[in-house]
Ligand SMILES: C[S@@+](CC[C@H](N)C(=O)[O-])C[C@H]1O[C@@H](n2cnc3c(N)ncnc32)[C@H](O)[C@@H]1O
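Below, in structure tokens: the form predicted alone, a single chain.
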């Protein structure tokens, strides 16, 4: 996990810039349309945003009314999230926590919803993380997991101004 943490620490300052691309604006709009109905609006509901990075979804969920625990392994991603949370005035609704989603550390059935977007590809044994996410989720509540495909990974690799070496690297991701 140290390698993953170091990668995201390095990417933290520019990470959100990839979401300005048209693809991600459309992706976010479609994702929110399908995600929002599962987000509890009750002020006492607590959602886990597992691997939540810079609080892209945590902010939207907190604005809907629930409390959110954003857990991420990268301290610098959490620092970027903290700046965004503070700018939105949501410090009272969002708790930022450094941690590993394969060993969450909360009691069984703590959360009213769990979101894990594009984080499972980082695990050699994703089933371990999924079991842990399920363990902390209250019975009969929503566990929302999305996985990254090669196209999305390629877009992440060429964010910003495409350069030939980035395009070649992205192509290798797509064909392998």
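Residue numbers count along the first chain shown, from 1. All values reported here derive from a predicted model rather than from experimental measurement.
Below, we turn to the form predicted together with the named molecule, even though it does not appear here.
Practice task
With heavy atoms only and a cut-off of 4.5 Å, decide whether residue 119 touches the named molecule in the predicted complex.
Solution key: Heavy-atom contact with the named molecule at 4.5 Å: present for residue 119.
Problem - 4.5 Å heavy atom contact, residue 56 to the named molecule in the predicted complex - result: Contact check for residue 56: yes, within 4.5 Å of the named molecule in the predicted complex.
Practice task
Would you check, heavy atoms only and a 4.5 Å threshold, whether residue 101 touches the named molecule in the predicted complex?
Solution key: Yes, residue 101 lies within 4.5 Å of the named molecule in the predicted complex.
Practice task
Evaluate residue 123 for contact with the named molecule in the predicted complex, applying a 4.5 angstroms cut-off between non-hydrogen atoms, and reply yes or no.
Solution key: Taking the distances in the predicted complex, the answer for residue 123 is yes, it comes within 4.5 Å of the named molecule.
Practice task
Could you tell me which of 133-141, 34-42, 47-55, 61-69 sits within 4.5 Å of the named molecule in the predicted complex, going by non-hydrogen atoms?
Solution key: In short, 47-55.
Practice task
May I ask you to list the residues of 1-36 that have any heavy atom within 4.5 angstroms of the named molecule in the predicted complex, in sequence order?
Solution key: 1, 4, 8, 15, 19 sit within 4.5 Å of the partner.
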